[in-house]
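Shown below, as structure tokens, is a lone chain in the form predicted alone; questions about how it binds or moves come after it.
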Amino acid sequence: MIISLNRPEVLNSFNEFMAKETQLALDQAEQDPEIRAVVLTGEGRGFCAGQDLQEVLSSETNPTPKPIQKIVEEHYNPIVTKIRELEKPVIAAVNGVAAGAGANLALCCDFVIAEESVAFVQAFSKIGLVPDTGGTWILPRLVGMAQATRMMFLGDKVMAAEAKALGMIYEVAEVGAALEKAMILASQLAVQPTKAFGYTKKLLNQAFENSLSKQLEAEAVYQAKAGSTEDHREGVAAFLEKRKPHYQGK
């Protein structure tokens, strides 16, 4: 499945409608067994510039804007939760600026492929806000506390090459090539043992909270689950028969 943020006239900044549509698309990806990998990208020259500030400001057309806490709780938190809990790989194809919530939306995906011209910006401090959309959870895990603090306090632009060097993203692509590269990767992942990927993702989500003993216990539990899948049986059979496995994500 390709989920494409589609408000190019405002660099795909989020309003309520786009947030709800993104949530629905992720629900469809979860429920449809034929979908075994997801690519998230943006239309036009940007990936996502974060929140559309017109929606949070009082105006004649919007006299009672939704409180910012509600926007975070109802728009962004569900999207991040759905991506991290989706038992299928999610790849961000970052084709342009990724700022604020847009940057953290990309970083919470399993893989991030960004074009070399892309800037990731933790823009929150520029308008007196704190990072949201899972940024304070994922960014320190990717780059460490010192670099995360630098990005969040100073709001520096982090270009794709630096992001790759810091371990923030998976791959840098030429300008115009992020979606193509993401689709190649998605095609590779979509024929692999999807259930095992889902269980691995659950373990990775727990890894920084669990003690070693708790993580070892969790690994044993999920290994038992993986061992009971059709894909495991197919993988073993293919190995013994010296042939390429045919996984069905079951």
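Every value quoted in this text rests on a predicted model; they were computed, and no experiment measured them. Residue numbers run from 1 along the displayed sequence.
Not on display, but discussed next: the form predicted together with a small molecule.
The closest heavy atom approach of A238 to the small molecule in the predicted complex falls outside 4.5 Å. The shortest heavy atom separation between V97 and the small molecule in the predicted complex is within 4.5 Å. Interface residue remark: L11 is counted as part of the site for the small molecule in the predicted complex, having a heavy atom within 4.5 Å.
Put simply, I35 is far from the small molecule in the predicted complex: not one heavy atom of it is within 4.5 Å. Heavy atoms within 4.5 Å of the small molecule in the predicted complex belong, among the stretches 106-114, 129-137, 175-183, 83-91, to residues of 129-137. For the residues V56, A218, A207, V191, the 4.5 Å heavy atom test against the small molecule in the predicted complex is passed only by V56.
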